[in-house]
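Let's start with one chain on its own, the form predicted on its own, as structure tokens.
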Amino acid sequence: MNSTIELLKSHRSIRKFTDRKIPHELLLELIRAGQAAATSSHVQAYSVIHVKDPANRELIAELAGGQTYVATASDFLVFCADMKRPTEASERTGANVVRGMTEQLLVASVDTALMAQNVAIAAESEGLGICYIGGIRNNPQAISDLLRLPEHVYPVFGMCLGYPAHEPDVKPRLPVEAILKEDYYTDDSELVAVFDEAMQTYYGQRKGGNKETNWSRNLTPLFDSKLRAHMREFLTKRGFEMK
């Protein structure tokens, strides 16, 4: 294994940070590394809001479900899918721009995720810890208002960055045989059952407290109700009409 693969396989979400601040030039380099990610047709349909105001970070922490590390990390970024910039650029050339297409939403969301993951990997290569904050979609309109996001821009997730103050265990992943399928999609329920046993052991033994559960049971809150049902209406109001 080379060092890049080992780094990728060692990822943990970090939620406790030291008081040490990330140098601004390093933060800029992380963003430049993010920009180097693959992007659909070179659209680069993303913007990143560096939230520096302590009061705003405290409010975002609350809106995201009481995730205090949003306020305590060295830096907090909000990654936004941005179709405003590319559509307006195209319009300035005289193009008859069509907005609100589902494909535009997909392109912007995928571009944003790829860019953010590059930032995460670059950060971890510098000894930083990161934690994605999907909880900003709990209250996406309030977050959008706070960050003054215009139409055709929406907040996909946040990211805490800082120097780690703890060393959590690496969480196991599904066996590769469940993910990598040859030629056709195949049933993987037996592999999931084996993974559930591994996760039950992991949760029972990991640092920071025991937890009696497994992977399948942990999924229950995500699928036994309409999770973030407000997102469809919110995205439509932001100009992503999904036509």
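As the structure is a computational prediction, the values presented were derived from the model and not from experiment. Start at 1 and count along the sequence shown; that's the residue number.
Heads up, the form predicted together with another copy of the chain isn't pictured, but that's what we're talking about next.
Although the partner is absent from the chain shown here, none of R20, Y69 and V194 has a heavy atom within 4.5 Å of another copy of the chain in the predicted complex. Residue contact with another copy of the chain in the predicted complex: Y163 places no heavy atom within 4.5 Å of it. Residue contact check for S189: one or more of its heavy atoms lie within 4.5 Å of another copy of the chain in the predicted complex.
Within this chain, S74 is remote from the site of another copy of the chain in the predicted complex, having no heavy atom within 4.5 Å. At a distance threshold of 4.5 angstroms between non-hydrogen atoms, P168 is out of contact with another copy of the chain in the predicted complex. Residues L77, D82, M83, K84, R85, P86, T87, A89, S90, R92, T93, A95, N96, V97, V98 are the ones in 69-99 with at least one heavy atom within 4.5 Å of another copy of the chain in the predicted complex, listed in sequence order.
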